[in-house]
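There is one chain below, alone, in structure tokens, taken in the form predicted alone.
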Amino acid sequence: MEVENIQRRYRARTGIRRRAAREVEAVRGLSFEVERGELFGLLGPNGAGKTTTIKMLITLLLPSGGSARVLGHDVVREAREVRRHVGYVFGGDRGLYERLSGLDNLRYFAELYAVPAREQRQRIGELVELVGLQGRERERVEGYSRGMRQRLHIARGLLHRPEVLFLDEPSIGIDPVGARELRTTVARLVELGTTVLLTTHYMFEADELCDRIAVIAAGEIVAQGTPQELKRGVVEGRVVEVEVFGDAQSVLDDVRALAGVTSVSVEERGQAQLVVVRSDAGAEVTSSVLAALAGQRLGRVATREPTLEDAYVELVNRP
């Protein structure tokens, strides 16, 4: 897959009485490549342009500028060839017929994908085993858990043996057990030679699965590389986490002013606030952070190595 300076603009209208038209740049010149057999991650906040990018690559939207090729086929001039070789799986409950069984859903979509009748039974059986729905395939989808539905979505997207599979937030809303099973299924697909482009909001999922990652913010790529390269290139040193019960905001400026501290953020955790302090490599700031928080009611204190989530937050929040 080769994507070069791809762009997508559209016109939107604002206001109720005096509606004014304005041009919105959803994607602002993305460029990246995905190797055959690679699992490539596209990460970014809501509205960053991830789904819009995927829709251009699977020919559902026309680019406003730039170019993209999937398996050597141009997504504009050779849209029919692109569609024959790609599969698309999106998160959520849409796209399945709940009053049909999982098996009947797959039979129906096999007809839509023009899978030859003589191959359908074997192909459906292979996919049911691949996604772990053996023994449940004859049950109505309305009785499936969200994780089971998502695995059925994947089976549906693989019916026509696509060489490239696009997974748009496939694990959204799935419980931890279902999400783990889904990650196992995706890893097996890559082992079997399928090229996968994945979008997700779960950083641990991207860290575990992806060979390489591109981080998008405001329609532009702000970083690319392997998970380890992103972590090394953006976040150095260690991270101190302190649980604070009360108003942590009042002392954050004191924490930010400490020697060796590079950034400070706060996450709401129910009745507590989690103060996350990142430091320079080699700097030991735990004792000084605790001293700055003196007078606050503290809970858990922990130090750890930087994660992909730390690197991601740093990248998307850069001015």
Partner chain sequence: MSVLRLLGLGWWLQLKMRSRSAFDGALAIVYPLFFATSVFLIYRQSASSTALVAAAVGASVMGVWSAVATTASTSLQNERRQGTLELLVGAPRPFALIVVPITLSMATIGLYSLVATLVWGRLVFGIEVSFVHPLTFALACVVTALGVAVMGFVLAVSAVRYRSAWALGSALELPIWLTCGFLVPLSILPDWVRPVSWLVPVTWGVSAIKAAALGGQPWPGIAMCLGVAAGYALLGTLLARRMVDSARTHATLALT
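Positions refer to the first chain, counted from 1. Between two forms, the rigid core is defined as the largest C-alpha subset superposing within 1.5 Å. Note that the coordinates shown come from a computational prediction; the quantities given were computed from them, not determined experimentally.
What comes next is about the form predicted together with the partner chain, which is not displayed.
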Exercise. Okay, which stretch from 222-230, 184-192, 243-251, 106-114 lines the partner chain in the model of the complex, with non-hydrogen atoms inside 4.5 Å?
Worked result: 106-114
Exercise. Out of Ala79, Ile172, Val239, Ala218, which one falls within 4.5 Å of the partner chain in the model of the complex, going by heavy atoms?
Worked result: Ala79
Seminar exercise, completed: Heavy atom within 4.5 Å of the partner chain in the model of the complex, from candidates Arg212, Arg161, Arg84, Arg180, belongs to Arg84
Problem set entry | Close approach of Glu98 to the partner chain in the model of the complex, 4.5 Å, heavy atom | yes
Exercise. Any of the heavy atoms of Leu197 lying within 4.5 Å of the partner chain in the model of the complex?
Worked result: no
Exercise. Is there any non-hydrogen atom of Leu60 lying within 4.5 Å of the partner chain in the model of the complex?
Worked result: yes
For this session: State yes or no: in the model of the complex, is some non-hydrogen atom of Val75 no more than 4.5 angstroms from a non-hydrogen atom of the partner chain?
Result: yes
Exercise. Does the trio Phe90, Arg94 and Gln120 actually contact the partner chain in the model of the complex, every residue with a heavy atom within 4.5 Å?
Worked result: yes
Exercise. What residues of 144-158, in sequence order, lie within 4.5 Å of the partner chain in the model of the complex by heavy atom?
Worked result: Arg156
Exercise. Would the C-alpha of Pro170 be classed as shifted by 2 Å or more between the shown form and the other one after rigid-core alignment?
Worked result: no
Exercise. Core aligned, does the CA of Ile124 move at least 2 Å between the shown form and the other one?
Worked result: yes
For this session: Verify the C-alpha shift of Leu103 between the shown form and the other one: is it 2 Å or more after superposing the core?
Result: yes
